[in-house]
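Here we start with a single chain on its own, the form predicted alone, put down as structure tokens.
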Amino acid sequence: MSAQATQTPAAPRLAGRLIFGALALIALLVWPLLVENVFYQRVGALVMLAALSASAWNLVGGYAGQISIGHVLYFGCGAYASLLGFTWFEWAPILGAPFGIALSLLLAVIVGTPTLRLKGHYFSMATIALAELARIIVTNSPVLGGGVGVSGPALPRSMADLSFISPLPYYYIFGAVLAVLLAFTWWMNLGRMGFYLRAIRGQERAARSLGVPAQCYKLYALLVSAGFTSLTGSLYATMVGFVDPDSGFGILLSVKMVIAAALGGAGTLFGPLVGAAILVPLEEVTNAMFGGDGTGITYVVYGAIIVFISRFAPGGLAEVLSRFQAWRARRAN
């Protein structure tokens, strides 16, 4: 009887989560079709793009606990590979994505092998330095467009260019890739790799003492994360049709990935999506209110969010929800 009593409350909670998940999925699919304002549709596409990059970062930063602030290195590789493929060979921009992913994987091995041995903020500082080094190299390389950057096709030549007037196709393309990444993350979290990464994040020394090959699994997480981040950069370049050193390798992009994941809940499946759904509209509103790209105001907003998370909810909104559920359970008892 005690076992049945223990299991009974879990069933309604599971059913409630499934119903909530199904409703959220339907809302994500239908919402853009109900909104006629192009600005809101564009914001929706940007939310999906930010959620994709934050979810990719979440693999190594959230699950493995390796806080990379230089993840824009892989984003820039994907963005530049797509548009350089058009500039050099007149390819459809998206055809450059596999080359960007291959380059990102190579850089992840070269960068990750030494830096993943560093601990805490030393690892973060090393990733910042490498990303900034890449930005400087690209800025001073005329063959890569230099400080001017590179552009995609001015007019769509075929459907392969993925050049659309409406933001809706981009919303669904980004959403489909995000669904694949979330499915992989869910599968990984249930398997050995997810178990090992959580152990490494909790206490790496203890995990090593129990036989966990920490260095290998941290590198595996970085490789998968780098590949999806590079694909995100390619999709961004395909939509925007232009990339320069700041938009491809700017440190603010890395900070945005980290904050979106941390705000929703790093190390959780849907945390980056929730964080992106809050962060991107907030950024767009401040940009619209203060004009220009709002870079200065953006830093203020990001700083305020970092202070809030650090002070009140280190686990992000997922922790706030967990506290609320625990409070309700105590009230019920």
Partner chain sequence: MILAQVVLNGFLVGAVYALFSSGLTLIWGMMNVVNFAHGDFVMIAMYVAFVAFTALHLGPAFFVPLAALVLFMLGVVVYYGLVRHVMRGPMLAQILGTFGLALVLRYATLWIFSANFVSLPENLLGDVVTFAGLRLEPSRVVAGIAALTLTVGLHMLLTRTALGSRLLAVAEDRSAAMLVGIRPDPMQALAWGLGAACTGVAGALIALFFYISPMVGESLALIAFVVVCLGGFGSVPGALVAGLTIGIIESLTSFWIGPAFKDVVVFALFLAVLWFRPQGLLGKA
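Between two forms, the rigid core is the largest collection of C-alphas that superpose within 1.5 Å. As the structure is a computational prediction, the values presented were derived from the model and not from experiment. Numbering follows the first chain given and starts at 1.
One more form of this protein should be noted, the form predicted in complex with the partner chain, which is absent from this view; the next part is about it.
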Here the chain appears without its partner; judged in the predicted bound form, the stretch of 191-199, 224-232, 90-98, 245-253 with heavy atoms within 4.5 Å of the partner chain is 245-253
Since exactly one of Leu84, Leu182, Ile128, Leu107 fits, which has a heavy atom within 4.5 Å of the partner chain in the predicted bound form? Ile128
Among Leu269, Ala277, Leu28, Ile297, just one has a heavy atom within 4.5 Å of the partner chain in the predicted bound form, namely Ile297
Though only this chain appears here, would Gln325 touch the partner chain in the predicted bound form if you measure heavy atom gaps against 4.5 Å? no
Taking 4.5 angstroms as the cut-off for heavy atoms, does Val307 touch the partner chain in the predicted bound form? yes
Exercise: Glu204 in contact with the partner chain in the predicted bound form, heavy atom 4.5 Å: no
Is there a heavy atom of Pro114 no more than 4.5 Å from a heavy atom of the partner chain in the predicted bound form? yes
At 4.5 Å, heavy atom to heavy atom, what parts of 37-61 sit next to the partner chain in the predicted bound form? List them in sequence order, or say none. Trp57
Superposing on the rigid core, is the CA of Trp31 displaced by 2 Å or more between the shown form and the other one? no
Core-aligned, does Leu317 move its Cα 2 Å or more between the shown form and the other one? no
Could you check whether the CA atom of Phe270 moves 2 Å or more between the shown form and the other one, using the rigid core for the fit? no
What changes in the predicted bound form is the Cα distance between Gly303 and Tyr122, by 3 Å or more; the two atoms are farther
So the C-alpha spacing of Gly303 and Gly70 changes by 3 Å or more in the predicted bound form; is that change toward closer or farther than shown? farther
